[in-house]
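The data below hold one chain only, encoded as structure tokens and taken in the form predicted alone.
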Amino acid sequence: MAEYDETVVSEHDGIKELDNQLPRWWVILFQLSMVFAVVYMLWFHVLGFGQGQEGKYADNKSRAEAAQAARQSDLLASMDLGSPSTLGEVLSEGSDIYQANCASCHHSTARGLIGPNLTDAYWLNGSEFADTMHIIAKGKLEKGMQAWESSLSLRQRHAVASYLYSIRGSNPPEPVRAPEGDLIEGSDSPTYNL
């Protein structure tokens, strides 16, 4: 057993502070941690060889974004964006998006409020599905229609346009807006342009 030096360094209120040596294993561990800290600082912060938290975060984020873009492109490739969907989940999503974003101007039944009636056979910007997709994406600022291209994904815009096609000819009671635009015979039928 190691002998301790009983040399008193200071004494206060009956408490003696002795000048004991630290255990050798503790001193070696402390010295190794100091060496590690210096090497770590040089490697990561001074020389920039290692990848820090910011770099790992950026890498993980870019990998996640690439995976999300790949899933999105696979989904879009499997969808026929040139024609309206008749799938229940797509129409349900379109209805939810419509109610959240479009109903304030076009009414919850699409009979028209500030914006035009979307259920009749009169069309301001064309009655084809591509026209509907375009007007949702680009808007019509002079008429007060905002562009949704930056707010809604292509899939979401397709869902809304598909929903609008599904409610054509629903003839909601008491349309608020008088017919506007060109009369396109038969375009108020849900099967028009399918």
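We number the residues from 1 along the sequence you see. Since this is a predicted model, take the numbers as computed values, not measurements.
There is another form of the same protein, the form predicted in complex with ligand HEC; it is not shown, and what comes next is about it.
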For this session: Can you check 30-38, 43-51, 62-70, 134-142 and let me know which stretch has heavy atoms within 4.5 Å of ligand HEC in the predicted complex?
Result: 134-142
Problem set entry | Contact residue in the predicted complex, from 101, 109, 95, 83 (heavy atom within 4.5 Å of ligand HEC) | 101
Exercise. Looking in the predicted complex, any heavy atom of residue 160 within 4.5 Å of ligand HEC?
Worked result: yes
Exercise. Applying a 4.5 Å heavy atom distance criterion, does residue 114 contact ligand HEC in the predicted complex?
Worked result: yes
Exercise. Any chance residue 154 has a heavy atom within 4.5 Å of ligand HEC in the predicted complex?
Worked result: no
For this session: Report yes if any heavy atom of residue 166 sits within 4.5 Å of a heavy atom of ligand HEC in the predicted complex; otherwise report no.
Result: no
